[in-house]
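In the form predicted on its own, a lone chain appears below as structure tokens.
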Amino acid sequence: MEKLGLMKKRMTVERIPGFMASIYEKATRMVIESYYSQVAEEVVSRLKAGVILDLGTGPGYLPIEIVKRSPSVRVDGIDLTRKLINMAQENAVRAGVADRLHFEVGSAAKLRFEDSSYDMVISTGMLHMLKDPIKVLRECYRVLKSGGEAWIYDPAKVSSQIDIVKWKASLTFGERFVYRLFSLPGLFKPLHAYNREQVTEMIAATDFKEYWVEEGDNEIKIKLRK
């Protein structure tokens, strides 16, 4: 069992491959209003001012929506895919909010930031992709200020809100080829949301003592307070 668990961990893909970045970006762009805007509203209703870290930021749409709603909030976003970070930087400039956003390539399991640096840490749709989610949760605890919170949504309800016909129509010939190639049966496993028991076990292995777990339709929301 231990060897099988180690094998699964090694096979887990933690990043969006660079060659699929544009396909992913077009999908996430379609749910800015229906998903990211709603999450942004929840975040700023909790944090009126301060510094937020967004793990697995992708093309940066959630941080952009957050700072649009609160001039006193700054967001740092990290992602393992350089092409998505480049897109996030360009999107921030186009949105006119680049002065309050910072994006960089980085691993959530080994954050370069100092202890007690952030008022809040957020993540949407990343937990199920992690090789070592406990290590990431421990990093969240480390970089949070006392009283700060980590909000984790997983899997993010993005795919269920995409107009598939419209999205496919937006793809270039090359993107359609890549999509068809990597959508063949067996190449991708369906998204799997952790259940409450599994999440509770993960949290127990960290220093978080105060937390809330909410289960939905193939989605789980986790809020942890340092």
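Counting begins at 1, following the sequence as shown. Just so you know, these numbers come straight off a predicted model, no measurement behind them.
This next part talks about the form predicted in complex with a small molecule, which is not shown.
Contact between residue 98 and the small molecule in the model of the complex is not found at the 4.5 Å heavy atom cutoff. Taking the partner from elsewhere, residue 130 is found to have a heavy atom lying within 4.5 Å of the small molecule in the model of the complex. In the model of the complex, none of the heavy atoms of residue 215 sits within 4.5 Å of a heavy atom of the small molecule.
Contact annotation: residue 19 falls outside 4.5 Å of the small molecule in the model of the complex, judged by heavy atom distances. Across the proposed site, 15, 28 and 56 without exception bring a heavy atom within 4.5 Å of the small molecule in the model of the complex. Contact with the small molecule, judged by heavy atoms within 4.5 Å in the model of the complex, is confined among 86-94, 99-107, 140-148, 68-76 to 99-107.
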